[in-house]
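The chain below stands alone and is given as structure tokens, in the form predicted on its own.
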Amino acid sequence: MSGAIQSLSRAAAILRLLAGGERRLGLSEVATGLGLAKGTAHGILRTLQQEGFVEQDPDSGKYQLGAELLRLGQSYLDVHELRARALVWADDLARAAGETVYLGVLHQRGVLVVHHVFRPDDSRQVLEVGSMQPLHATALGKVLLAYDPVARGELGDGPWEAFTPRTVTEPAALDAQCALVRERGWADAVEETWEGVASVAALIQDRRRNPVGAVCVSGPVETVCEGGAVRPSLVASVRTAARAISRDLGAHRF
């Protein structure tokens, strides 16, 4: 394959071989099955084992897929279940609010947009699924920072990038905002990432009450805000949508 890194291609082939079998495979079986030298196969298996992608049976010495692959696969499934459960509620929220709706999850040091509902008007809009938003300067990000310790760890110590004069860049100020988010149950960001744009978001939890994402309404300051603050009706709508999605994910006592 043009441009492929040979060691990565071989590692992927080993994982596929182990996934396709109904039993553990020994070193010779892996090497023979893929036409590799035993030394090459052993080196790749050892690396995969160190990373948790492969496990070796201590008695037989044979190999099978490891728990880390299961964890990665579960993360993939969790995002897709979240999106599937949120589709109807996000559409309803966009219609009720008359604004754009985003569904976001933590991804490394930012918020990954996994679902985007256009503002229900005839304006020209661009689909933003797959785009990243900053944790410290968006309503989606602040909700995740407030409830998910992993998100706070990913963000680091600061100071962080200022996108506008209103962006919070210092840790003490952001931590105070996160405390307020936990107290009132929702987050807002008014002209912190983009001038003229405001958003309000609420947390989505799964059946174990773990934070799995957030949903937000975003739009022009003049329609999202009233008297300098986010309109209470929008706050109520976003929180209702977040609770509904959480219930669909099994959080019955949300």
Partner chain sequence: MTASYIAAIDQGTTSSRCILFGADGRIVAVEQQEHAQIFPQPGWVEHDAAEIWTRVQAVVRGALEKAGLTREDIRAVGITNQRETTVLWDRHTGEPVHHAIVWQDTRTEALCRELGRNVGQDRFRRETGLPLASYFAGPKIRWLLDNVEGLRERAEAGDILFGTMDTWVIWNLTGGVDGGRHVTDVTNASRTLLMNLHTLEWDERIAESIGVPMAVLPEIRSSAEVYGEAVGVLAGVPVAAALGDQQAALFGQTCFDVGEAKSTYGTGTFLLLNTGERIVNSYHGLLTTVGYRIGDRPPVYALEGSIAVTGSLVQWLRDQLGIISTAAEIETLAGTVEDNGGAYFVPAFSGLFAPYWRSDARGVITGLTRYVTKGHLARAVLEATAWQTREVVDAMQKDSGVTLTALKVDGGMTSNNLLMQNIADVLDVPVERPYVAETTALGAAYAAGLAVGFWDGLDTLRANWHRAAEWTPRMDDATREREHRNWLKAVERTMGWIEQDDEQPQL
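These numbers were taken from a predicted model, which means no experiment stands behind them. Numbering follows the first chain given and starts at 1.
Same protein, other form: the form predicted together with the partner chain, not shown, and the subject of what follows.
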Between Ala94, Leu174, Ala137, Ala146, only one gets a heavy atom within 4.5 angstroms of the partner chain in the predicted bound form; which residue is that? Ala94
Candidate from Ala162, Ala179, Leu87, Val150 lying within 4.5 Å of the partner chain in the predicted bound form - any heavy atom: Leu87
Quick one: is Pro120 in contact with the partner chain in the predicted bound form, heavy atoms, 4.5 Å cut-off? yes
Evaluate His80 for contact with the partner chain in the predicted bound form, applying a 4.5 angstroms cut-off between non-hydrogen atoms, and reply yes or no. yes
Partner-proximal stretch of 153-161, 166-174, 126-134, 180-188 relative to the partner chain in the predicted bound form, 4.5 angstroms, heavy atom: 126-134
